[in-house]
Every structure is written in structure tokens, then in C-alpha cells.
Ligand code: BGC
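Next comes just one chain, in C-alpha cells: the form predicted alone.
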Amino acid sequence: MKKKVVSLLTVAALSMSMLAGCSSASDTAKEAASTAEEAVSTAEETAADTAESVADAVEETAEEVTDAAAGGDLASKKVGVCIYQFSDNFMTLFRNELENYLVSQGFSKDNITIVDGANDQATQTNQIQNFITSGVDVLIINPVNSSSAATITDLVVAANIPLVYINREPDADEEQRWKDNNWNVCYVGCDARQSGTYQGEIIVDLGKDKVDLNGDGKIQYIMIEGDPENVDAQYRTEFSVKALQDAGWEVDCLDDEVGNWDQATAQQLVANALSAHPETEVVFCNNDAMALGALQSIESAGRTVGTDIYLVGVDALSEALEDVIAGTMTGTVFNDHFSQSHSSADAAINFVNGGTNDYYIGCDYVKVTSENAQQILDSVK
């Protein structure tokens, strides 16, 4: 381009010189030469600016295409979510937050399917098979029975679909299987031993003299368990009492019943237990729903939490937190559904994007008493 511009300008200069005559030839030639230099300079700058603009435009377009492709990747991916039972208060909080967070990360709400296992493992297994047939890209499963994890894992791995277990932890042997076979399977949740320990510590922190109402040197308690096959229920039952024993307290179990996480069931069980054992000093419940049922029976029996009996649960449901603030429940343990649901979604995203996860992704519980119940309540509303 430069040579062409120079050639044209040179011809023009010579023509002008011939027409103007000899007397002005020198001045005209100088002016033409100067004009030619300016034209060349302008042409070079314009070419450089144009090249830079084109490069910037190409780069910007490439970035936009990349971003669009990334967003499109998640938006087009199908997520199957199995919840053991929709009527569970805590899992309702969990699944709603999980769906909202998945959408915020780029998944299409239309491609997120959440199903209710209705607390029946056969129903849930059929739902998992349907998800596999429909070709989901990742499965997030809250198993009805943790003991069914091996069967579930085999189904999903055989279909080459990544799997994220949530809330109900498979046993150690099952988790070791994932690691030994390098499978795209992981568990996201809290260690239920911590929640049980926190329940016990809430009681211990009150002081033995205050809790031992009859002064016999022992703590008489009743235990309301969730599902006996569930690891969380097993650990909460064991470690809540262990915390008292670790503090050097002697304990006496008056009754241990299975409430299956249900408020109405727990209400009846506690009513029966208090009638048979009026000397009860502490009521341990594996979750807040059952603790709320227990509270109804405690009040119906003419007892007052904090005065002649103590009551603890797990989950930090809003209603339970309000009772802790009011003093009608001794304490609870915050089962952080925000942290767990977000971590579960992040693990699913890693799998979808071809990455890997730790086989165990842990989250912490939070001990809740009257001192911090309002703060926790504000965070969950």
C-alpha cells in the first residue's frame, strides 16, 4: 500500500511541475513532496488504527463466544435430584436453596428435576432408573436408606453419570469403594457425630447441679431417634449421650424410641414416656421436628422447659429457633442448609465440567443456644 501511494503522488507532482513552468518548478516539487509525506504518514496511521480495531473486535468477539459457550454448557445440562421425603422440614429448606443456587450458577430451571422419594427406597430407586434412562448429566441423591447406597452407586456408575450424595452419608466401606475405583462419586454433608456432641454439650454447659433436678447424681433422659438405619440418627443418638459421659456425668436412659423424624409420632412417644417416667430430666431428639412434637407433650404434661426439664433438637428450624429464644427449648444445632446445598451444587458443577471432587466434602454444624439463636434465625429467614 505504501509503494502505491508514493507512486501516485510522485506522478501527480511531476505533472504539476510541467504545467506550472520552469520558474515555479522547484517550489511546486517541494510542496508536492511534503504533501506526499503527509499522505503516506496518514495512510500508515489509518492502517495501524484499523488493524488494532480489528484485533480488538476479534478478541472481544472471541471472549463473548467463550462466555456464551460456557453459560450454554450449564444451561443445557440436566440435573436429577432425589430427596428422600418432601415433607421433611429441613430437606425442604435444602432442596429449595439447592435449586435456587443451581439456577444462579447458570443451570436452566427447566433442566433441574427434583423428585420426592416419599420415604420409600423402592420408589426412589425407580426414580433413579428413570433419571438414568432420560440421560441426566449429573445426579444429586439424598437416599431414603443409607444402607442402599452401594446399590444406588452401582446403578449410576454403570450409566457413567456423576453422583453427589447429600445429607445422609453412606458408610465408610462404601466411600472407600469410590476411592478404590476412582469413581466420580462424592458425599457432601456434615458429620453427624458433631451434631450429637453439640446436643450433649448444650446440656453439659448448663451445669450438672442445674440439670440433675432430683439430685440423685444421675441424668435421667429419654431419646427420640430418627430412622434407625440412618447414620445421622445413629451418631446423634450415640454422641449426645457420650458428651455427658465425657464430662464425667452418670446417665440413666429411661426410654429410647424411634420417631422417624416425624413431629406427630414424637409427640405421642414423648407423651407416653413422660407418663411412664415423670422423673425425666432431659429429652434428646434427633431433629427439630421431633423436638417440636416433644415440646407439645412436655407442656401438656404440665412441665416447663428450663425449669423442671430440658429439651434439645437438631436442624435449627425457624420455629425451633423461636422456641430457643423464648426459652421453651433448651437448644438446637444448626444444620447449615446454605453451606451444604451450595457445596453440593459446586461438586455437581465440577463433575459436569469434567473435573473431580474429594470423596468427602464436609460442612460444620453450629451449636445454638439463647445467646446466638436470634442471629441464626435472622440468617435463615
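Don't overthink the numbering: it's just position in the shown sequence, from 1. Quick caveat: nothing in here was measured; it's all calculated off a predicted structure.
Keep in mind that the form predicted together with beta-D-glucopyranose (BGC) is missing from the display, and what follows is about it.
If we take heavy atoms and a 4.5 Å cut-off, which stretch out of 264-272, 292-300, 90-98, 241-249 is in contact with beta-D-glucopyranose (BGC) in the predicted bound form? Of the stretches listed, the one contacting the partner is 90-98.
Could you spot which one of E225, D232, E201, E281 gets a heavy atom to within 4.5 Å of beta-D-glucopyranose (BGC) in the predicted bound form? By the 4.5 Å criterion, the partner-contacting residue is D232.
So which of Q124, T237, T197, N167 reaches within 4.5 angstroms of beta-D-glucopyranose (BGC) in the predicted bound form, heavy atom to heavy atom? It is N167.
Quick one: does Y221 come within 4.5 Å of beta-D-glucopyranose (BGC) in the predicted bound form, counting heavy atoms only? Residue-level check for Y221: no, no contact with beta-D-glucopyranose (BGC).
Answer for Y84 alone: is it within 4.5 Å of beta-D-glucopyranose (BGC) in the predicted bound form, judged on heavy atom distances? Although beta-D-glucopyranose (BGC) is absent here, Y84 would touch it in the predicted bound form, with heavy atoms inside 4.5 Å.
Should S341 be counted as a contact of beta-D-glucopyranose (BGC) in the predicted bound form, where contact means heavy atoms within 4.5 Å? Judged by the heavy-atom cut-off of 4.5 Å, S341 is well away from beta-D-glucopyranose (BGC) in the predicted bound form.
So, in the predicted bound form, is T330 in contact with beta-D-glucopyranose (BGC) at a 4.5 angstroms heavy atom limit? Output for T330 is no: heavy atoms all beyond 4.5 Å of beta-D-glucopyranose (BGC).
beta-D-glucopyranose (BGC) in the predicted bound form - contacting residues of 315-330, heavy atom within 4.5 Å: The stretch touches the partner through D315 alone.
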